[in-house]
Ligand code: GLU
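A single chain, nothing else alongside it, follows as structure tokens in the form predicted on its own.
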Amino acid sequence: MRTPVDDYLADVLTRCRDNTDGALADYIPELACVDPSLLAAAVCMADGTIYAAGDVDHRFTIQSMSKPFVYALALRDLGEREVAARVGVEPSGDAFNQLSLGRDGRPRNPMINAGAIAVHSLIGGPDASDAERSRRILDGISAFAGRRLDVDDAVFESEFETSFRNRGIANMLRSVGVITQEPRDVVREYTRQCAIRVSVRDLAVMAVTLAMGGVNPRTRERVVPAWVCRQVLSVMMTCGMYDAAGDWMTSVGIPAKSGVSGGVLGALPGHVGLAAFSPKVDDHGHSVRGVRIFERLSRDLSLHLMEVQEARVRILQSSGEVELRDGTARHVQLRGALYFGSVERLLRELDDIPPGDALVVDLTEVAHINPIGRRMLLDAMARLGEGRRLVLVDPSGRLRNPRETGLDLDVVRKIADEQ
């Protein structure tokens, strides 16, 4: 059974496609050549299941979306105290490429370029060569993605040739002792870090790995400790969207990071990883259509971090067979709360039931259904009812109008009365 999530993502892209605002990040010459019509979105669930729509196979450079993951690698290898001695965690309120330091001489946070360049210089320790530092970063980001990634050499060369502002930032950091290496060398390898190629699927998997405490749900590899993820997600929430972090927090409410290539990733702790891609960016360096996609996902799926989430409990329990007036059917008892994550998991479990089996779906012990859970469940009932006998037990009227399912209401009432 094809779940409604695929169709929903395709619909979101359709609704966002007509937005032509923004511009390509043409200050990197290679990015000026990108097709501005490209558009994609992906969702990775806590168990590693991926849903995606649009130009999902297109690969683009990770750019500033590498920052939280390299920060995570530095925390893992060096510890919070040593990293904090070089880079703070306070929002800057400045543009991502501002030449500025905090009053204590440190970059204000690891999400702006000054902080990210400082964090990059820490990887592998002070004695690591440029090549060793870049190898460790590529290995680490690949582990987050769950597959081997590579570098787009054309974008790397193009970006490094025009990296005068980042070189100025690196020289500023060297002048105050935040970095100890040759500034030009650090910027060269930092630029290589930003030129790693990913797809929206990769970004969604990377995001959910942070959301699930550092374990990649597709490879089962622990990439970083859980405390690292807590630290990184906290900084992403307050600093990941630069000088638009306040607007993002109120409208979307998901720890996130953007890149000037047009990507946006978000990680909702314990729940889901999200990604969007569209090349035109706004004055903050955020994908215009990517931001619109995230706003819709947050609103439609109740993903805002500050929105009260229903209890996330096990919801499917197989209860054997139940007698109907003209035969028997498999009885599936639902328990707990039905919301986006739990209904998505339910639909995949229901998909394992052979197509011809009669089925009773029993909502008697369901505590709550939110609007997206209701919509997904109604859609699923319609699909499950194709080619099989299907009975819905909903004594409390939680779906409000059982006629939307096309089920036999006499049978529904009879079964409900017998519970």
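The first residue of the sequence shown is number 1, and the count goes up from there. Keep in mind the model is a prediction, meaning the values are calculated, not measured.
What follows is about the form predicted together with the named molecule, which we do not show.
- Each of Asn113, Tyr190 and Val260 places at least one heavy atom within 4.5 Å of the named molecule in the predicted complex.
- Checked against the named molecule in the predicted complex, the residues Phe294, Phe277, Tyr339, Tyr242 give one hit for a heavy atom within 4.5 Å, which is Tyr242.
- Out of the listed residues Cys194, Val272, Leu173, Leu122, Cys194 is the one that sits within 4.5 Å of the named molecule in the predicted complex by at least one heavy atom.
- Partner contact region in the predicted complex: 62-70, out of 362-370, 346-354, 389-397, 62-70, criterion any non-hydrogen atom within 4.5 Å of the named molecule.
- The closest non-hydrogen atom of Phe156 lies beyond 4.5 Å of the named molecule in the predicted complex.
- Taking the partner from the other structure, the named molecule in the predicted complex has no heavy atom within 4.5 Å of any heavy atom of Asn109.
- Contact check for Ser287: no non-hydrogen atom falls within 4.5 Å of the named molecule in the predicted complex.
- Contact annotation for 82-96: a single residue, Phe96, has a non-hydrogen atom within 4.5 angstroms of the named molecule in the predicted complex.
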